[in-house]
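Take a look at this single chain in structure tokens; it is the form predicted on its own.
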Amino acid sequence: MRREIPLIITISVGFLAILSFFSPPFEPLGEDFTLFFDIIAVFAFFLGGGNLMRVHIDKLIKRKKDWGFSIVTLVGFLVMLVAGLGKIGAESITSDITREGLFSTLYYNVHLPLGSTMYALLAFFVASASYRAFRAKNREATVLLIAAFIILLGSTPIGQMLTNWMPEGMSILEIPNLAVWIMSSPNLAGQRAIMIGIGLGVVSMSLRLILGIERTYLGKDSG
């Protein structure tokens, strides 16, 4: 029964979710499912926080590689947790911690600057990856290189200067306009194809879960 009950719950909820979406009499069920999801998500936050502490405390005890970073992680996690739950520095218990108190101070003066720094450092990795990806090794890579070059050039004043001499009837060949066309036509077509593929994959996996074919979420012995 340890595996049959989760299967029954999954199949029942799956069919009810489909009914709530396609059948008007069952629409209120969709709202209930949203509420249940929020409740489950709260427990997921607790499990995530507990697992974070367990992993890093174990790393500290066993002095694994880079265990010093675990100290920083745990201290940061606990300080933000206490500052948020205790609303330290806030005027009252009902105050918005995103606008006042220690939590907002640490978030806007420590977390956001660190995030911006990490994002800025990614530029070097993006440049390195672009150099490897855009080398014209074959026909497809050559097309990618030309398209990327046009888009990058079209975003700069130089791109406008190089082709602003073209007559009005050939304005589509101006580099900025060509960059816009690449982004709005071939690129958008590729994005839609990818989204369609993702949608089909989601539908396929959902059907496997609802029909009880996919059972990996039950554990190792779920075959």
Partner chain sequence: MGNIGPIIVLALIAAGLVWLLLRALKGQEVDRRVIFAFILVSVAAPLLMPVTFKAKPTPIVRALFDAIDELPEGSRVLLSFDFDPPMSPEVQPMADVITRHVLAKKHQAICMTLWATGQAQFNITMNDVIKTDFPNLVEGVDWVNMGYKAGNEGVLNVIRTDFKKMFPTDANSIPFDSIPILRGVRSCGDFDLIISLGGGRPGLKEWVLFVGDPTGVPIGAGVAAVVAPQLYPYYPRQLVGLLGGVKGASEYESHFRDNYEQYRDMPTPAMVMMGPQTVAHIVIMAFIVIGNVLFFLARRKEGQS
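Residue numbers count along the first chain shown, from 1. Note that the structure is a prediction, hence the values are computed from the model and not measured.
Omitted here: the form predicted in complex with its partner chain. The next part is about that form.
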Taking 4.5 angstroms as the cut-off for heavy atoms, does Ile88 touch its partner chain in the predicted bound form? no
Consider Leu188 of the chain shown here, and say whether it contacts its partner chain in the predicted bound form, taking contact as heavy atoms within 4.5 Å. yes
With heavy atoms only and a cut-off of 4.5 Å, decide whether Met170 touches its partner chain in the predicted bound form. no
Considering non-hydrogen atoms and a 4.5 Å limit, does its partner chain approach Ile61 in the predicted bound form? no
Heavy atom within 4.5 Å of its partner chain in the predicted bound form: which residues of 144 to 161 meet that condition, in order? Leu145, Phe149, Leu152, Leu153, Gly154, Ser155, Thr156, Pro157, Ile158, Gln160, Met161
